[in-house]
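Have a look below at one chain only, the form predicted on its own, in structure tokens format.
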Amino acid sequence: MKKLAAVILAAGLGTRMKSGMAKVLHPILGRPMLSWPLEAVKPLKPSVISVVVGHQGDKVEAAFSSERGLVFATQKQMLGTADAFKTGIEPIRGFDGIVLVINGDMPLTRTETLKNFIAAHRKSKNALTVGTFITNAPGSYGRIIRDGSRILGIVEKKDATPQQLAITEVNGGIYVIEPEVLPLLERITNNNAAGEYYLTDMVGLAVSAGMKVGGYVVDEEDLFGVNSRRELAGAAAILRRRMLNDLMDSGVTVMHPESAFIQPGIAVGRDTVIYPNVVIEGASSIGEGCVIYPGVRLVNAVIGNRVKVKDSTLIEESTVGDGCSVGPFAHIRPGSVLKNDVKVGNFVELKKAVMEDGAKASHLSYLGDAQIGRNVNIGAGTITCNYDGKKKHKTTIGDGVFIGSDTQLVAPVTVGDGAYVGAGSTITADVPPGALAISRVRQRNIADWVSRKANSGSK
């Protein structure tokens, strides 16, 4: 079996995007558009992937500099798709195998589609196979010209006759090409309405040379090309639908798929329920049997099993263990770790805080740069005063500690195992294990103060 090389055409200006950014760098579900066809091609294990860049080519290369097996070829002038393809095969000149051509603005193409496409090409023993699709709105796509089952050529819209414009089978922009076809590139001219060198002209030249040319009909959705912001949003909606369908098929309940935004590659365990208006991004993962309530946003968050994340909670770059409850209206900032069965309640903010098993902070607290032991209870309004204006300092709270409401813990400070801190205290020194720390002033009641104040005010 011949080896495979892939050429991805990604040099277009993308003028209809009306953007200062290269079209293929526009993000779809958190990833550059070009990454989607690239990820579809990789499982085919091509010997090389040549990416043709042009407009802002340096930025495109920089965005994919960590990718292995890629070579970049720069199309210096936008002279058409045939010129772009010639540029793309220059780095693989002498490659003795078949070449897959795909556009960089086709994020919906799936690996399985490409596998079937290449398999059909090989089975038919074609010299050239064109990926086509049937549509009731052919628009600006090149029309497929056939004589019965034989493909004779492709006519671009600008050059088509009225009869040809009525054809509903169109060019999908993907090709599989045998080595013997490549010399025909030199015979392509720009004698057309656009004055460009069309890769589609290779089809007619191959037919004229007596080579076998075939067409493989692909689902229209797979060959969807993005040329505008509307089409970008449309592609994102389709990709999101596919991913959510996969999640639901795996045993996840997504209550309102239309409003759930979940980036690709995120693992969600079975029997987890995701409410409307949830955003899950980055390298996040969610275990089994969780409930993610409305308005939650997870960014690079690792969520264990049987976790409840309640309404309007933000968790960033943190880990939440099994059986925890977080929110509503909680903010878990980067570097925080909630071990098992931890409760973080409404309007609680954590930053680089570790809460051991069974610890609770149920209301209105800020806990930053803190190590909080097992089964600790943090009262409402507690603050770790971790910043002295120049440096951050750590607060350490031992196992089984009870922190009364409205407590300020001025770091660096340690509260020993089993200690109690009275409500309203400001703790500036370490508290020994088992001790009670109280720093508030002694209460003094002044009898008849209200009536005396009222009488003095009336004079």
Ligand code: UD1
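The structure displayed is predicted, hence computed values, not measured ones. One rule holds for the numbers: they count along the sequence shown, beginning at 1.
The same protein also exists as the form predicted together with the ligand; that form is not shown, yet it is the one meant from here on.
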{"property": "Partner-facing stretch of 238-246, 268-276, 194-202, 343-351, counted where any non-hydrogen atom is within 4.5 angstroms of the ligand in the predicted bound form", "result": "194-202"}
{"property": "Distance check, residue 79 to the ligand in the predicted bound form, heavy atom within 4.5 Å", "result": "yes"}
{"property": "Close approach of residue 141 to the ligand in the predicted bound form, 4.5 Å, heavy atom", "result": "yes"}
{"property": "Contact test in the predicted bound form: residue 311 vs the ligand, heavy atoms, 4.5 Å", "result": "no"}
{"property": "4.5 Å heavy atom contact, residue 84 to the ligand in the predicted bound form", "result": "yes"}
{"property": "Answer option from 173, 304, 215, 373, heavy atom within 4.5 Å of the ligand in the predicted bound form", "result": "173"}
{"property": "Residue (of 227, 263, 300, 377) lying close to the ligand in the predicted bound form, criterion heavy atoms within 4.5 Å", "result": "227"}
{"property": "Triple contact flag 23, 105 and 156 to the ligand in the predicted bound form, non-hydrogen atom at 4.5 angstroms", "result": "yes"}
{"property": "The ligand in the predicted bound form - contacting residues of 8-44, heavy atom within 4.5 Å", "result": "9, 10, 11, 12, 16, 23"}
